[in-house]
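The chain below stands alone, shown as structure tokens; this is the form predicted alone.
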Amino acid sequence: MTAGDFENKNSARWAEYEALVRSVELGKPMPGVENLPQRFRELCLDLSLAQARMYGTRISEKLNALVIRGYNLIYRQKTGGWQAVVRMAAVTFPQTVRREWRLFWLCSAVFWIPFFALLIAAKHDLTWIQSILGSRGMADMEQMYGSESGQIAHLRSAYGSNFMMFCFYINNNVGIDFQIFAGGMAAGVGTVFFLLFNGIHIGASAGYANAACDPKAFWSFVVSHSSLELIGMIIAGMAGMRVGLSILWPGRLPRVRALVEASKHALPLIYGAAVMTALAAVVEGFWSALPIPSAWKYGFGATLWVLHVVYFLLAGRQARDAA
């Protein structure tokens, strides 16, 4: 097929495509605009054929200009504004967590195994717990969770307001998640270390609260925000491990390129973990510290755990099937 034959055969389709693009650019989409993505793919194929068969710069440049115009319209609309935020929350984030299920279970094991080990060990021997927390840590636990009434008084004297408490917790939670994620740059070793450290420290704190403090004061305070904070921590670990594994096993790519690609794949995990951490601080500052019945807090916390399980198992599946 000569260049002239190629142009004559496809000119009507190119003209239709250009008319669709022009109508969208002018803000007055014409009938049949829903066919624009299909016409865009066909034009990309035509451009590849024109370049491979060397039909000349005139045809190639014309098709290339049309492809650029269509690309700017299609992908600008797909990724812009609140639609992108909603899609990230409803589709991309849970899909990415499911796709990285091996990293999810790895990070969960690194955190939860020492957590439950120390929680159970506290019932039999507090020696390990005391050595982990130290005298300062045990004193803080007793002051914070000695009793429900004393807890509220301690929080008000320490922070002054719920907003200041929120500021403290979001700074603390973001710092922990950043450490876990940034630890992935050390080939994943830092991520494993910080997940393990937090599992040990939080498990020791929970065990000490059960053995030496008022368990009701402790669990009623942490249960409401526990799912947001702890799952967010694990997801930050997943992002860190994805980066770390790209350094250990870059495959056929140079390590720098592999690191860049892994960082792109980890972005939904980072965004999701950041939002969950922020929401945990909101709950911790404006709900967990309120003097309300413990049953309400337990019910709220259990509901969030169930919602998280349903969200990560089911959200985004219909969008994947449609694709």
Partner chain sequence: MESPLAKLDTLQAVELAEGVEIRLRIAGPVLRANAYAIDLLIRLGIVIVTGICLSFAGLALGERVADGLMLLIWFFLGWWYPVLFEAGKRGATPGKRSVGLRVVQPSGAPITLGQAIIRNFLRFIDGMPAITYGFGLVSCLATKRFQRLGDLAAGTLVVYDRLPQEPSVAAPPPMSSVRPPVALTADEVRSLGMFRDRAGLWSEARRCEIADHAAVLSGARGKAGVSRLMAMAHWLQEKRDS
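Superpose the two forms; the largest set of C-alphas matching within 1.5 Å is the rigid core. Bear in mind the structure is a predicted one, so any value in this text is a computation, not a measurement. Numbering follows the first chain given and starts at 1.
Missing here is the form predicted together with the partner chain; even so, the following discussion is about that form.
- Contact annotation: of the candidates L279, L36, L259, A289, the single residue with a non-hydrogen atom within 4.5 angstroms of the partner chain in the predicted complex is L259.
- Of the listed positions (F197, Y159, F104, W219), a single one reaches within 4.5 angstroms of the partner chain by any non-hydrogen atom in the predicted complex, namely Y159.
- Contact with the partner chain in the predicted complex, judged as any non-hydrogen atom within 4.5 angstroms, is confined among 183-191, 133-141, 108-116, 86-94 to 183-191.
- Each of R41, I68 and G175 comes within 4.5 Å of the partner chain in the predicted complex, counting any heavy atom.
- In the predicted complex, E16 stays away from the partner chain, with no heavy atom inside 4.5 Å.
- At a distance threshold of 4.5 angstroms between non-hydrogen atoms, Q179 is in contact with the partner chain in the predicted complex.
- The shortest heavy atom separation between M30 and the partner chain in the predicted complex exceeds 4.5 Å.
- The partner chain is not shown here, and in the predicted complex it never comes within 4.5 Å of any heavy atom of S294.
- Applying a 4.5 Å heavy atom cutoff to the partner chain in the predicted complex picks out no residue from 283-300.
- With the core held fixed, K297 shows a CA shift below 2 Å between this form and the one not shown.
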